[in-house]
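Same chain, two versions here, written out as structure tokens and called structure 1 and structure 2.
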Structure 1
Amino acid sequence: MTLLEFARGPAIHASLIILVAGSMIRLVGVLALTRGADLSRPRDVFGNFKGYRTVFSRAWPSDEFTIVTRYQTAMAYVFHIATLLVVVAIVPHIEFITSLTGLSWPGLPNWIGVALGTIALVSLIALIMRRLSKPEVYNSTVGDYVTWIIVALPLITGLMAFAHVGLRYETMLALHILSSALLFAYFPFSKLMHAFWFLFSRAQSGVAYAHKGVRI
């Protein structure tokens, strides 16, 4: 079995199993946590509805924090949107998703995919540099930097494979798939789970604030 065959076969499939099973176990574990009795009512009849609304209303910082946080907020949005489009809108990735699910849709031209991958990588580096320049603000840990490296590797190897830079194409493609497998397997056990957690944390905070009459 060649490195590419291993990456396309056992490695990527095992990582997807870990991704799905690990994410489900963690989500079920959180949802199964018991909640204390609700000893107070919302200040108005729509209190809980307003609380759940914070999942979307807090997608951008409040006016008081906009100026201070606009750089990292803008870069974070650029990174997340570009990365999502790279994952679901590039033809090779769509073909892989189709092989797993049978679902298919039109893909973006190659040059747009390369541009999005570059934008995602540059914005990620910009976020990391921001944290490095202000350690007293972000208090980043070793685990944070490990996570960013694991996230960056598929972008780097994917761009290198497409541009035929570095090792021969088959080897670079194998490294791209293996780095993606590493990301999938790492996902459920890292802060990357915020892709799911933010829904619950924002809603819970919103409901709690609604009970206290906070304007949300």
Structure 2
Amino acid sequence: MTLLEFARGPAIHASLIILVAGSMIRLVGVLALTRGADLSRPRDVFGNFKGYRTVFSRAWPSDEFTIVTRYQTAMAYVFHIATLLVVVAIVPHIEFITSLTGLSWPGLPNWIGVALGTIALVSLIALIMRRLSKPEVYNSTVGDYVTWIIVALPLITGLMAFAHVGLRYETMLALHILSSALLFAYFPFSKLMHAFWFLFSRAQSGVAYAHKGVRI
């Protein structure tokens, strides 16, 4: 079995199983928990509605924080949007998703894919630079850096494979698939779960604050 056969066979298969099973364990395990009984009268009759609204309204920091946080907020947006587009809109990825689900849609031209991948990588580097230069703001753990590396690897290998540079294509492709497999397997047990949690945690904070009458 070659490296590529291993990558696109057992490795990616096992990592996807870990991804879905792990994500379900964490999502259902947390969401099925009860919240404590609410013994106080809400300060705001529209509290719950306003709380859920924060999911969207806090998609950008509130005015007070705009200036201090705009660098990482903007970079984070650039990173997330570019990454998402690369993941779902370049032809090899669509081919991969088709082989898994049977679904397909038109892809972006390859040169746009390379541009988006580059943008994603540059913004990811911009974000880690800020984290490194402001340790007092981030209180980073080892896990944060491990996560950064695990996210950066598929981007780097993917860009190289896609642009046909570096090692032979089959090796780059295998490394890209293996690094993606690592990301998938790591995902449910790391902060990457924020991809799901951001909805619930933002709503939960919004509801709790709205209940207390905080202006949100």
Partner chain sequence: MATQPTLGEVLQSQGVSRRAFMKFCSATASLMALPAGMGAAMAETLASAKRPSVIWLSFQECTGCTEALTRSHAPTIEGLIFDFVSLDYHHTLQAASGDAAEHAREQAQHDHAGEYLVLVDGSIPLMEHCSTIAGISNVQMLKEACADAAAVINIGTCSAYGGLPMAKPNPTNAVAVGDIITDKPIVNIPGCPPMPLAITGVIAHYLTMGGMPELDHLGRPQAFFGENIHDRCYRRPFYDRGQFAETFDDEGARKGWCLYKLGCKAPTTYNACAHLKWNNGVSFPIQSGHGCLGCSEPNFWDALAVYDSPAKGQFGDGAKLGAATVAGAALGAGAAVLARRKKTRIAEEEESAS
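Since the structure is predicted, the reported quantities are computational estimates derived from the model, not experimental observations. Residues are numbered by position in structure 1's sequence, first residue being 1. Basically, rigid core = biggest C-alpha set you can superpose within 1.5 Å across the two forms.
**Student:** Between the two structures, is it 1 or 2 that corresponds to the form predicted in complex with its partner chain?
**Tutor:** The form predicted in complex with its partner chain is the one given as structure 2; the other form is structure 1.
**Student:** Does residue 191 show a Cα shift reaching 2 Å between structures 1 and 2 after rigid-core superposition?
**Tutor:** No, residue 191 moves less than 2 Å.
**Student:** Answer yes if the Cα of residue 28 shifts by 2 angstroms or more between structures 1 and 2 on a rigid-core superposition, and no otherwise.
**Tutor:** Stays below the 2 Å threshold, so no.
**Student:** Fit the two forms on their core, then tell me the C-alpha shift of residue 164 between structures 1 and 2 in angstrom.
**Tutor:** Core-aligned C-alpha shift comes out at 2.8 Å.
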